[in-house]
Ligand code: ATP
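To begin, one chain is listed below as structure tokens, in the form predicted alone.
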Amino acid sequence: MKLAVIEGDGIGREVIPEAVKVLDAFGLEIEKVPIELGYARWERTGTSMSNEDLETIKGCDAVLFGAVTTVPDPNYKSVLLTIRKELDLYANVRPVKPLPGVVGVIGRSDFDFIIVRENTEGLYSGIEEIGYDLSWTKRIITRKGSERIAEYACKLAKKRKNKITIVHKSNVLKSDKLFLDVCRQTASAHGVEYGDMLVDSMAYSLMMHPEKYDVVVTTNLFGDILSDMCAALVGSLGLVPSANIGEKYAFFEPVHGSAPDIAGRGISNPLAAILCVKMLLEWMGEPRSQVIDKAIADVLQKKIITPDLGGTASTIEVGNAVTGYVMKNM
């Protein structure tokens, strides 16, 4: 197995090394391939990612990714969108599950759901023009894209509560009618119970009644917004991992971004990046991945936590504590 390790910018350079330490504790035969991408690379060389970098990534099986800062260039081509499209990472998967002892904005812990987001089309199609008086982006919804993300959501649902919620805005965006119809048809074909909600109503409901949901499937932009919003339910963006899954490749990244305001201070929360390692191990079929949940619960119980959770521990101290638990309890 070959794993591309991309720290990227900002706190990505701090949290990914801690996640790699946890991964190394499992003693697996994984060849790690370091690749430099992002804003710092662009500042030094004029490019954030070369064609050679992309070919190197394609030569790996999976990617562990930190964060990138957006390049201040109108001709900038997003590193993340490019990788997602080139590797055809069509399913963005974001689990929303509380961690022991961490209370989010609603003060509850009775929820455990997954947002499954179509990851290659919608408003992130990349087909757009920027002008002085008019700018536009083309929203693409295809039957193929809708079918395969619905298939993925149903596959997850079969392992859980056999229920999906389809999120859309077909009352205004007529292209969403195709997405909704295809998701309904796919769920019916798989014997999966389904319901649907308009995205604005869903945003409210997720904040008020998150326990009602299990697998949520939606389009690209809606999934991006809803999943970041739901980080408030678990208490911090520093606690939320994500996976981008394709037929051949997988890409794992924390959702917190590069956070330049705290970069370099050694206080960033590495738990989301470490939870990405858990998702990577699950994707690999590694049965010992659940020890990471136990390690994080132990660290939280002992209050070895970073300032975003009210603690005083450094990024490295948290990473060392999780790694130590994993090494002792596998």
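What you see is a predicted model; the values in this text were computed from it and never measured. For every residue, the number given is its place in the sequence shown, counted from 1.
If you look for the form predicted in complex with this ligand, you will not find it shown, but the lines that follow are about it.
At a distance threshold of 4.5 angstroms between non-hydrogen atoms, residue 304 is out of contact with this ligand in the model of the complex. For the chain shown alone, residue 19 is not a contact residue for this ligand in the model of the complex, no non-hydrogen atom being within 4.5 angstroms.
In the model of the complex, no heavy atom of residue 104 sits within 4.5 Å of this ligand. In the model of the complex, at least one heavy atom of residue 259 sits within 4.5 Å of a heavy atom of this ligand. By the 4.5 Å heavy atom rule, the three marked residues 3, 242 and 280 all fail to count as contacting this ligand in the model of the complex. When you look in the model of the complex, the only residue of 237, 203, 156, 182 with a non-hydrogen atom within 4.5 Å of this ligand is 237. Contact annotation: of the candidates 64, 295, 68, 275, the single residue with a non-hydrogen atom within 4.5 angstroms of this ligand in the model of the complex is 68.
With this ligand omitted here, the record of contacts in the model of the complex names 251 to 259 of 218 to 226, 162 to 170, 251 to 259, 113 to 121, defined by a heavy atom within 4.5 Å. Of all the residues from 96 to 111, none has a non-hydrogen atom no more than 4.5 Å from this ligand in the model of the complex.
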